[in-house]
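Next up: a single chain in C-alpha cells, the form predicted on its own.
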Amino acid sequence: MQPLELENMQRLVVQGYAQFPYAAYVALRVASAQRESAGGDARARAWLAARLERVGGAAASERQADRLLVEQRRAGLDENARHKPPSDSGNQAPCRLALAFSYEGLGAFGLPTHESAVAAGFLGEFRSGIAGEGHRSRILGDSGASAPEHWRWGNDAQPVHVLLMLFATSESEREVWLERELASLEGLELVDEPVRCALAADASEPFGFRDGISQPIVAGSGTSKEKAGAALDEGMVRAGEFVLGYPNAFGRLPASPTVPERSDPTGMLPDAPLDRSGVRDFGRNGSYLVVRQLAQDVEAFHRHSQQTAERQPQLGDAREIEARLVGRRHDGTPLAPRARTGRPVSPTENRFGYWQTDREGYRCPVGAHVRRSNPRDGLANPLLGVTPARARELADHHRILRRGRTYQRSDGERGLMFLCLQANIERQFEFVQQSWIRGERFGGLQGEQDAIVGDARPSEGADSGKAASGEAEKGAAFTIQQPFAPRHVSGLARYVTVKAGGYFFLPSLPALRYLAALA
C-alpha cells in the first residue's frame, strides 16, 4: 500500500475536526475586475497567503498537537489564554481553516485555467459547476423550491470563488475569529451571510437521528479508527477514491489537474506521473468537495410521522415509523441485525450487511435512507453472478467521505451543511444521488425515492400500490416490506430543501502555497 503524504494534505481529507465543534462556512468571491484576466487578482493571493499558517494539515504530529491544545483548554489549564484575544500564530491559534475553490475561483486566483491543457485536467462536472448545466439539476433532483435559481449562493446570480471553512473550540472563539476574517477580506467580497454550524453533543442532526456513524476508512490515513482496526468491519477503501495521486478501487490513478513547468519555476508542486513530462501535478493530495446547504422542515416531518401513527397504528408509533424511513433508530442503532451474534447491538454498530440477515427488507426496509445511501451487500444477485462480496465491492466504488454539520439561522431555519469529499464527483456523489437516492427502481422498488432527501413526488407506481392497500393519499409513498403483504407510508412531502451549493476543489498544502505565490 502506497503511504499517504499526510504532511501535504488539508486535514479535512482525513478528519472532520471533531475537537473543533464550532464551525463557520463563508462563501467568498474575488471582487476585482482582475478576476477576468489571465493573471488573477494579486490582492486575493495576498489574502490567501496570510491564511496558510492556520490551514490545518493532516500530519499526525499536527493533529496530535491540536488535540493536546484542545484538551488543555477544555480542562481549564490555560485560563489566561482563554481570556486573551486570539493569537496570530498558527501554533497557538484555537481555530483552524480549510480552503476550497470553484473552477472559476482557481482562475480568479491566477491558475492558468484559460489554457486548454490545464482545464482538461479537471473533472468536467467540476468545470461546469453544480448549477451550470440543466441536466445536472435533473440528475440531483434540484427542482421546485430546490432549483438553483432560488439558491442563496452557488448559482449564476451568486457565484462563489472560494469557500472558507473555519473550525473553533468554542462558540465565542468562532465569533471572534469570524469577525476577524470578515474584517480582512482584502480583494474579496462576502457572497452571503456565513453559515454557523456546530456538532451536537449527541451527534444528532435536526430530525433527531445520530449522524456520521457509517464512514469509509481511508487506507493509510493513520487515523485512530484505522489504527484500532475498525476498518475491518467493512474493509478499508483505497485512498484514490478520495484523494488524487493514489490508486483508486480500480487500481488506477484518478485524473489529476496539472500545470506547465514554466508556471512553476521554483518547483513548489510535485512532478506529474512518470508518463507525463513538462508538467507539474497541481492535484496531488487534493480532493473534490461537494457542498449543499440543506434546510430541513423538522416540524412537518415529525407531524407527518405522528399523523401516520394515528391513522395506521399497526406500523408502530411515530418514532418507529421514522426509524423505518431512515434505517436506524434515533440513537443510531441499525435495524438490520448483524449475523450470528448474541450480544446487544450498539448504537454505533456498523458491522452488518443486508443480504444474509435481511435481504427481503423485513427489518430495515429496502428503501430506507441508510440502505439507499450505502447498500453494502444488499444489491447482490447470485442469478446474475453478483455475489454478496462482489455487491459490497461494487458499492464501495461509490463511497463518499461526509464532513457535514448542523446549522441554525437567526430566522429559525435549521438544517445540515452537507459536505462530502471524493476523487470523482460523477461516479461517487452524483451516482449515489441519481441512482440510489432518487432511483425509483432501487432494489426492486417501483416508483419510490428516498423518503428523507428524495424528490418526494407521487408517481404512478407508488399510487397503484397505495390504492391496492387502501392507503391512497396525495404525496409520495414508502414501502415497508412484510412477510405476507407490504404496508405503505403515504403522503410524504419534501422535507429537505437545497438552499445553496457548489462543486469545489480542496487543494493540497503545496498547491495552496503555489496559488498564493502566483505572479
Partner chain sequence: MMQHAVTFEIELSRDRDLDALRGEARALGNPAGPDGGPPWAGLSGLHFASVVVISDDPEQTYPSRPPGPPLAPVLVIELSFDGDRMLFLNRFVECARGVLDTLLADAPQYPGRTASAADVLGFLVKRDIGADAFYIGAPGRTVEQIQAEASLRAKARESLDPDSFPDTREAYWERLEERLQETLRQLAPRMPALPARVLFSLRFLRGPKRIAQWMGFVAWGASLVAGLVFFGDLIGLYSLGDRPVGGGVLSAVGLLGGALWIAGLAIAGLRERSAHVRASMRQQLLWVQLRQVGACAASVAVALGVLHALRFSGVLGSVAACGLALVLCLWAMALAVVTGTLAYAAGGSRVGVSVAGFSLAACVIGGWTASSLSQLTWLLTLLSLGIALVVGGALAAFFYALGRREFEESVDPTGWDVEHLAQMRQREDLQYQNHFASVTWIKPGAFRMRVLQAVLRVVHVAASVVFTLGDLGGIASIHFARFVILRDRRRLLFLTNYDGPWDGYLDDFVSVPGVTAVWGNSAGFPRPFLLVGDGARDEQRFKAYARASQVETLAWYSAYPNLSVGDVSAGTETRLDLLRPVERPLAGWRGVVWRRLMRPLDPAALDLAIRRL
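As the structure is a prediction and not an experimental result, all values here were calculated from the model. Positions refer to the first chain, counted from 1.
Just so you know, the form predicted together with the partner chain exists too; it's not on screen, but the next bit is about it.
| query | Though the partner chain is not shown, can you say which of 402, 136, 330, 363 has a heavy atom within 4.5 Å of it in the predicted complex? | reply | Of 402, 136, 330, 363, the residue with a heavy atom within 4.5 Å of the partner chain in the predicted complex is 136.
| field | Contact residue in the predicted complex, chosen from 152, 73, 427, 319 - any heavy atom within 4.5 Å of the partner chain | value | Only one option qualifies, and that one is 427.
| task | Although the partner chain is absent from this view, report whether residue 112 comes within 4.5 Å of it in the predicted complex, heavy atoms only. | result | Close contact is absent here: in the predicted complex, residue 112 is far from the partner chain, nothing within 4.5 Å, heavy atoms only.
| field | in the predicted complex, residue 254 touching the partner chain (heavy atom, 4.5 Å) | value | Judged by the heavy-atom cut-off of 4.5 Å, residue 254 is in contact with the partner chain in the predicted complex.
| field | Residue contact check: residue 408 to the partner chain in the predicted complex, 4.5 Å heavy atom | value | Judged by the heavy-atom cut-off of 4.5 Å, residue 408 is well away from the partner chain in the predicted complex.
| task | Would you please decide whether residue 164 lies within 4.5 angstroms of the partner chain in the predicted complex, comparing each non-hydrogen atom pair? | result | Because no heavy atom of residue 164 falls inside 4.5 Å of the partner chain in the predicted complex, the answer is no.
| query | Pick from 23-31, 63-71, 43-51, 483-491: which stretch has non-hydrogen atoms within 4.5 Å of the partner chain in the predicted complex? | reply | Looking at the partner contacts, the answer comes out as 483-491.
| query | Mind listing which residues of 432-455 have a heavy atom within 4.5 Å of the partner chain in the predicted complex? | reply | Heavy-atom contacts to the partner chain in the predicted complex: 434, 435, 441, 446.
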